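Below you will find one chain, with nothing else, as structure tokens; this is the form predicted alone, and questions on how it binds or moves follow later.
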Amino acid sequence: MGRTIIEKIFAAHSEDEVAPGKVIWLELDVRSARDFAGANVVKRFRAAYPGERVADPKKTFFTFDCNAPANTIAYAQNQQVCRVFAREQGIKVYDVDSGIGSHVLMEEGLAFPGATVVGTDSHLNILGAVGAFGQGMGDVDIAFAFRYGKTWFEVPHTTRIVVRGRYEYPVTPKDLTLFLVGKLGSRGALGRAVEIYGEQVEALDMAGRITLCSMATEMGAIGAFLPPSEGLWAFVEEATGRHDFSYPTADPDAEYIQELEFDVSDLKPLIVAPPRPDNVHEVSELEGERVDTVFVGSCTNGRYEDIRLVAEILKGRKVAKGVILKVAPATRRVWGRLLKERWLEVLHDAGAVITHPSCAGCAQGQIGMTGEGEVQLSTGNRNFPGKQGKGPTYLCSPATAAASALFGKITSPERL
């Protein structure tokens, strides 16, 4: 019997029998912890393995992105605990100037096709964008992974999704992503891996792949995996300096627990209304509702292409009076490119507030928080009550965010 993508990745990293439902020991290429829960990982490690060393310092990392730079004493203390432990163990720290950890792992070539990566980030399955297995885990499990370089994992079943048809701008990869979240719901892929195919999927650039895979969590999925593309290989070669990776692909006779097909030929710009990420509507259904703030960023839409699109829409225009547009690039590399190509200047002239690379408001760390009654549009991935503050949060694409910032109300980019 053939294997799915995740089964192939697991088989290459385990000596156990790999089949859905089997519990295996999985060798890990990367073990990481972010500033959220990182100090607890250190605490657990020291308590459980006093005087011991991590399994392999070259495969172990800290990434600071939730609250970067720290704006509370508690976060500053947690980050410093991780730095001290890293010095003792010879571990590299991607500090508060680096950006979102999952993106940094991809940019630095540490997450690559076929790799296995764990960390304390609930959206680490975003690494499916480069054909890697990424998984968020608790501090006890990550401390164990630090010490032994492996973890146990139950091999999941896989759902196969085929996307038929093509769409045109102003429909974007975020709209495709929200469409699938709406179709599957928050539990539609619970505990499963998801493989997504189709001409439109293969046409996604790297930023689009990241957007789609970033919301696997909101489908309940272990992770989302896509077929390779030219954009992927260009990204991986730049990140790693190598071109000899073998991308994991499913066998023709792989067995799936479910197979679904969806047509996106008539897809329109979409928006997610409170209080859940699967409460999906066409933007036109909610047009005209007041907007107070707009947040562009997060691991879902903080890439160069996302923010450049916002800047292109805003060029020569002004954000509506009374609306605050907040922008947070995903990484220092993204921030630097936007700066050098003067897109940050365009955003500044339009009236945006631009911050340093980080998760920003998506993690309640920096800009992006809301007060009671403050209506926010966000390009992030979650809109649960309290996630970004007490105000209601709608999720949308960068194009919809930019259009709505211009008019001060929910507006489809079709209107531009």
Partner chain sequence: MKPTLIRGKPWVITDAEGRLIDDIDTDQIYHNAYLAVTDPAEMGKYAFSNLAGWEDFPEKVRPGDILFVGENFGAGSSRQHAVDCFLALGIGAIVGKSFGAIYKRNAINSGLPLLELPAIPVKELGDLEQVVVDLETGEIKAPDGRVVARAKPMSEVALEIYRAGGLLQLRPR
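Residue numbers count along the first chain shown, from 1. Just so it is clear, the structure is predicted and the values come from calculations on it, not from any experiment.
One more form of this protein should be noted, the form predicted together with its partner chain, which is absent from this view; the next part is about it.
- This chain is drawn without its partner chain; in the predicted complex, the residue among Glu287, Glu305, Asp141, Glu255 with a heavy atom within 4.5 Å of it is Asp141.
- The partner is absent here, but in the predicted complex a heavy atom of Gly136, alone among Gly136, Gly114, Pro170, Gly198, sits within 4.5 Å of its partner chain.
- Taking the partner from elsewhere, Asn279 is found to have every heavy atom lying beyond 4.5 Å of its partner chain in the predicted complex.
- Using a 4.5 angstroms threshold between heavy atoms, Tyr148 counts as touching its partner chain in the predicted complex.
- Mapping the unseen interface onto this chain, Thr158 falls outside it, with no heavy atom inside 4.5 Å of its partner chain in the predicted complex.
- Heavy atoms of Ala12 never reach within 4.5 Å of its partner chain in the predicted complex, leaving it off the interface.
- Partner proximity in the predicted complex, defined as non-hydrogen atoms within 4.5 angstroms of its partner chain, places exactly one of 100-108, 310-318, 183-191, 205-213 at the interface: 183-191.
- Residues Val23, Trp25, Phe36, Asn40, Lys43, Arg44 of 15-46 are found to place at least one heavy atom within 4.5 Å of its partner chain in the predicted complex.
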